[in-house]
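So this first bit is one chain, no partners, the form predicted on its own, shown in structure tokens.
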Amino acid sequence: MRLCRGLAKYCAIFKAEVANSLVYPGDLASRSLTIVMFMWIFSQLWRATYRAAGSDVVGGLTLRETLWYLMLAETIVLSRPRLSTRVAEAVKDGSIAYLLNKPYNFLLYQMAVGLGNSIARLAFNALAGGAFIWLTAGPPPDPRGWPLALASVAAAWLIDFCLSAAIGLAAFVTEDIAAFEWIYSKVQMILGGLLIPLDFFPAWLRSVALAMPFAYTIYGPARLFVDPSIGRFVALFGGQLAWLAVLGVAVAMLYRRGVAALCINGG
């Protein structure tokens, strides 16, 4: 019963955040125009790349598949909450003391809030970006694979939450985490497969990228989306669960140590 009450509490927080994010749908729609701009740039770049290659298939992907891959990759990244920044700002202004004294787990609260904020942005970005790619490059991949891709996107979100939480918790000691956030964003762009699918990498670099958690947050779900199969899903989801277990334990340990070392600003 206690577990059920605890889950109900975080579900209520999640629902409240979803409702808050839908109060201004016009704002969400206008922000989703960002992905349309990105996809227009990517479509021009990759059309030129395929023409220069003189082939309809590069790295095992057609131009249409590459553009749909990039659409989902951008949707995932643009829909994420800025968790680490929010935690760092709370430490700087001293409001972290108020948050830590609330009758909930700090990390689970941040997870519920972040997920609630992400759902609407994910839907709007996917609709806007998908509509653009559909009109300019052709129809999306087999819809029967979408549930598998959606499950992998959910797991990818949790992995990113753990990584962002670890960066945010560094603020308990350092306060300023701008450098860590910058490094993380750049690593995601390259080793996560945000700008270029890992299929286009040299074999050695692709092997390095696939051995890290970043590929499971962007490349894995986007690649599954354009080439769905049960075998690919099982391999991807199994890897995501393994990384979640490792990162979840690491974040819990960092949280306990961070709270012990935290110095509250303003008393």
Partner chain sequence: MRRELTFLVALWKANLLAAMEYRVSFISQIAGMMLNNAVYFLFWVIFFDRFQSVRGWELSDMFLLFGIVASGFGLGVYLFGNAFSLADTIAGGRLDYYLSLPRPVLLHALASRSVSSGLGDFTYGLISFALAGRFSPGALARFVGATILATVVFVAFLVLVQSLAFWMGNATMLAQQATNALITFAMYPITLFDGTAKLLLFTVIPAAFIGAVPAELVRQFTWPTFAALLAGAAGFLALALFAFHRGLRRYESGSAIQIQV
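If you're wondering where the values come from, they're calculated on a predicted model, not measured in any experiment. Positions refer to the first chain, counted from 1.
Beyond the structure shown, there is the form predicted in complex with its partner chain, which is absent from this document and is the topic of what follows.
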{"property": "Heavy atom within 4.5 Å of its partner chain in the predicted bound form - the one residue of Ala131, Leu108, Ala151, Ile190 that qualifies", "result": "Ile190"}
{"property": "Proximity to its partner chain in the predicted bound form, single hit among Ala235, Leu241, Leu33, Val208 (heavy atom within 4.5 Å)", "result": "Leu33"}
{"property": "Contact flag, Pro202 vs its partner chain in the predicted bound form, heavy atom cut 4.5 Å", "result": "yes"}
{"property": "Any non-hydrogen atom of Ser229 within 4.5 angstroms of its partner chain in the predicted bound form", "result": "no"}
{"property": "Lys186: touches its partner chain in the predicted bound form, heavy atom cutoff 4.5 angstroms", "result": "yes"}
{"property": "Touches its partner chain in the predicted bound form: Tyr98 (any heavy atom, 4.5 Å)", "result": "no"}
{"property": "Residues within stretch 16 to 51 having a non-hydrogen atom within 4.5 Å of its partner chain in the predicted bound form", "result": "Asp27, Ser30, Arg31, Leu33, Thr34, Met37, Phe38, Trp40, Ile41, Phe42, Gln44, Leu45, Trp46, Ala48, Thr49, Arg51"}
